[in-house]
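Read on for two forms of one protein chain; each stands alone as structure tokens, with the labels structure 1 and structure 2.
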Structure 1
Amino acid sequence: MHTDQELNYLTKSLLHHPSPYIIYELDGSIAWANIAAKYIFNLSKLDELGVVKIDDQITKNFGDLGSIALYYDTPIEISLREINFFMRTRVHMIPVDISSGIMLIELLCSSRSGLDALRKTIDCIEHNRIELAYQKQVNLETDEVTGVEALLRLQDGEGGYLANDEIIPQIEGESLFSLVVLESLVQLEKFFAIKQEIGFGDATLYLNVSAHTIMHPEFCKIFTDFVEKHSLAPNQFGLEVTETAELADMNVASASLNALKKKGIKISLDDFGAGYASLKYVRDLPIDVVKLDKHFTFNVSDPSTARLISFVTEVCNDLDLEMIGEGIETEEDKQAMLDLGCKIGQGYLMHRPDFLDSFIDKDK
């Protein structure tokens, strides 16, 4: 079959595929996009979309059998009209002749609801409708603020916000963290600019990131550059690592986390006890904080749950790790967690998430 015929067959077969696909020429241009890709980017013409950065090792190793699958799953930096952001992708090299080729880029998505979520998120980035709300983490004995978690909020364009419980579960698996990293750091700059004056000078400000995000060198550099740019002292900035199922390569994970820690970035293992977050990570990774999943707090009155919390407390004490209990909503929850040795907590009892302006107003 002739090369043009092969490409024509490929594009026709992928035109209605549920995952977004684009064909990227090595000169940086987009040669083709399927219906799903045009939908999530709201494209009226192909030159509105471009690839800013892709790992050059992919092209250097084109045709090398030893490179198979090495760059199959990688984030790329995309330009869309006036904005840039990262997306998690799978890159497929398609040969055109014996020495060159094109890249078929699959933008990870598994469902129509996922496509809708990606489109809404990208639209929020493009129209400056991403915000961060902040929730305090406090010492349950002294009420001292020890940390602040930055929580993503997406405006719906009509004066309200997209429902977190509907959109975030959809886009967590569809590259949410990669998409919003750059814009989230822009928002965090505003917090750090007034962090001292609003009384959080000694608190760690945490941003949620996926395990996949922190394991990729591009993102490690983005975070470490952020610390250097703002001359942040050790433990002023932290990352709460989610989606720990993706920490499959412990050597890569450990190297990434150590690189972040060397720059003074505090590492918290989020949702411990739920899903894939396990004692193996506590043992083998250079983490600083274990964040107990809120479902443990919700069931703290259950004797077996209480024993598990007590066990995690002992492990953290033995390994000199900080432990944070999420989801504390009543005085009874707070006292029960204290009785079990958990001294730092987060939840509606102590503080509901607020936007930055509210901290400034309260400070006045």
Structure 2
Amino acid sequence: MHTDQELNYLTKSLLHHPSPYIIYELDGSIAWANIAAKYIFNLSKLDELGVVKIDDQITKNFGDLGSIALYYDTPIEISLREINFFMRTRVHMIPVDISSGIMLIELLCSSRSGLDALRKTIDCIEHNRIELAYQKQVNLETDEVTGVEALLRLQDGEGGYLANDEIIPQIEGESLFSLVVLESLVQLEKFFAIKQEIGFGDATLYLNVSAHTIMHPEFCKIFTDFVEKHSLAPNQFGLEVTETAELADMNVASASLNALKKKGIKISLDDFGAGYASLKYVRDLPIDVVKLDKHFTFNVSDPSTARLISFVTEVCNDLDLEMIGEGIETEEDKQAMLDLGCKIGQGYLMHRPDFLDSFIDKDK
């Protein structure tokens, strides 16, 4: 243990350090955590802080204690209550005197809002506040339900829900988010158990995933195992892929998508038209469905937007891809989309996302 004076000196010099950090003794005990770290872990007392498992390798990597400027980036396993996950950290070795040192571990987070999103997500994981809502996708001509999209609902602990668009983009690249995906799969088991009974026997259940998730080999396997474990027939389960910018490595993306397709998982390209290079993805990736971004629907009355929508429907017809228009809120939107050749739609007009219970009650 180092003297209070030493720690005082260090913490004073780090007073305005923006990222959350924890100071460790070389034996692994926590000596200090700054306000930002406490804020992330949502704990007021140091001794209740989640345990960070430090691999021996990390200390070995530093070699000589005398080299003060050494630091490197590494994922570190963090165990919070029962849950283990990895977070990106930067580890600094600080020699305090000639024979001993301490480690300063910074959690890498680029912004205040990123920190906030992390803290809120950890809170949801810790307190089981992860749910899924479901929204129907329907054939606009016949009203037949062709698909159901599962949408994440993270409870804020005060009776409301966190805004997906504000939270998810900040954390879906973090390994922590894999815990949310795993929990979603647990929830989906309940859906698949009664899918037939609630009238969705022929519909595809789509889960939203970021490209980051599906391109991870472990996740590819988690999804294919899920299909096998539940003996899901082809097209019972699908993935809506967002964040297409991350599909940049076309070889890896193609291999992942092919492996998923081989197991009968349907692949939908979400928010088509909102990302960049989407046409290239349509050409080069083994996708089944193009899901047009809702902002096209919102502006369907604008003639040039209408031209673009009809161009997309033509491309989809030619390439034998399904097309889904989202964000259909009015009868006028629906008719306009049908007139432009879009046959499947999703939106508040037909159905608002709702929890599984609502489908069970209606069926009784």
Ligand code: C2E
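Reference numbering: structure 1, starting with residue 1. Superpose the two forms; the largest set of C-alphas matching within 1.5 Å is the rigid core. The structure presented is a predicted model; accordingly, all values stated were derived computationally and were not measured.
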Displayed copy of the chain that is the form predicted alone: 1
After fitting the core, residue 164 CA displacement of 2 Å or more between the two structures: yes
Rigid-core frame, C-alpha of residue 355, shift of 2 angstroms or more between the two structures: no
Large Cα shift (2 Å or above) at residue 14 between the two structures, core-fitted: yes
